[in-house]
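The chain below stands alone and is given in structure tokens; this is the form predicted on its own.
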């Protein structure tokens, strides 16, 4: 255990050194006579989101307010509510359904100095059996005539895990998230981004309610025991994104993202989108995304016997599966003349249809099958987001 923690700590230090070098380089660039960057627009934003399927309904509102001061400093605050009902298939098969509410609050500030924007934010999320806190720092620097932007970020998170009905259960998680990005304007019509992320987690990383199943002599042919994860987890992701603006005001966006982690999961994601302005104030977007991943080293849908190995998981998100997403978005831009102080606004509606197909996770809610021969699980989901932005 101690050796694993030391390995993670050494790995995090190695990743931090190049980030510090880049940070020093960015601050050195501030002394050059470069044109000024721009803070995000001051605005009020409203969002309603809804996820429906896989035995769960998650929905709720969010509001964000951002105010700028003297063109160099801005403050923002966000308030989000998630109402969750039901339970996913791998939890509801061994526990009862539930209802809960999650409230997240975030405060952030941005400081503009020369060509750099420094950002600091704090977020707190609370629900009846989980509390998450995070502190984030980001810096972005434009240079070479605004054609290149480097971004860096670090987030420190600390979570507390509880369990409903058990006041004695309390576990902690420490998280660290490193980010490094490069954005480059290739031509007047082409833009490309390269982003790298590294995350280290330590603590209670499994679900307090989920169980795994193993072969037994009972009527069902299997029984359950609590899952057990390693208490350290390191993941890495690299993403290449590009956008090309077409001669008739439309644009094509493409993305590839690769992910791997210390638990043996490997994932690939591809996305392509077409954005088309129309009728002066309207923007339409159509996208397609494909995602696939391999299972974690300690995942199994049905273990051969109890305590078959040191670490045990039956979380379908750690299994081998693939998803396909078809999305449609509509945006209406307007400049209101009857609303005081509002300069312009946007109304957005986005709908995503997702298809999940699992290759080694079985639906044990189906009866009449022998253990390990149940149908493979699959489901469809619909995600909706309604978004309003008012700039003032």
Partner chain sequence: MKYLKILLPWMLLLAMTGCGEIKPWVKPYERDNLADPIMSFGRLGIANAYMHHMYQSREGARGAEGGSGGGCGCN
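Positions refer to the first chain, counted from 1. Bear in mind the structure is a predicted one, so any value in this text is a computation, not a measurement.
The form predicted in complex with its partner chain is left out here; the points below concern that form.
Undergrad: Exactly one residue in 281, 102, 220, 156 has a non-hydrogen atom within 4.5 Å of its partner chain in the predicted bound form; which is it?
TA: Filtering the options by heavy-atom distance leaves 102.
Undergrad: Tell me, which of 300, 234, 206, 74 has a heavy atom within 4.5 angstroms of its partner chain in the predicted bound form?
TA: In short, 234.
Undergrad: Out of 156 to 164, 300 to 308, 191 to 199, 212 to 220, where are the residues with a heavy atom within 4.5 Å of its partner chain in the predicted bound form?
TA: Single hit among the candidates: 191 to 199.
Undergrad: Classify residue 134 as contacting or not contacting its partner chain in the predicted bound form by the rule of any non-hydrogen atom within 4.5 angstroms, answering yes or no.
TA: Residue-level check for residue 134: no, no contact with its partner chain.
Undergrad: Give a yes/no on whether residue 172 approaches its partner chain to within 4.5 Å in the predicted bound form, heavy atoms considered.
TA: Heavy-atom contact with its partner chain at 4.5 Å: absent for residue 172.
Undergrad: Using a 4.5 angstroms cut-off on non-hydrogen atoms, would residue 64 count as touching its partner chain in the predicted bound form?
TA: Yes, residue 64 lies within 4.5 Å of its partner chain in the predicted bound form.
Undergrad: Is residue 178 near its partner chain? Define near as a heavy atom within 4.5 Å, in the predicted bound form.
TA: Close contact exists here: in the predicted bound form, residue 178 approaches its partner chain to within 4.5 Å, heavy atoms only.
Undergrad: At 4.5 Å by heavy atoms, is each residue in 146, 251 and 259 next to its partner chain in the predicted bound form?
TA: Result yes, every residue of the spot touches its partner chain.
Undergrad: Could you list which residues of 376 to 392 come within 4.5 Å of its partner chain in the predicted bound form, counting heavy atoms only?
TA: Sequence-ordered list: 383, 385, 387.
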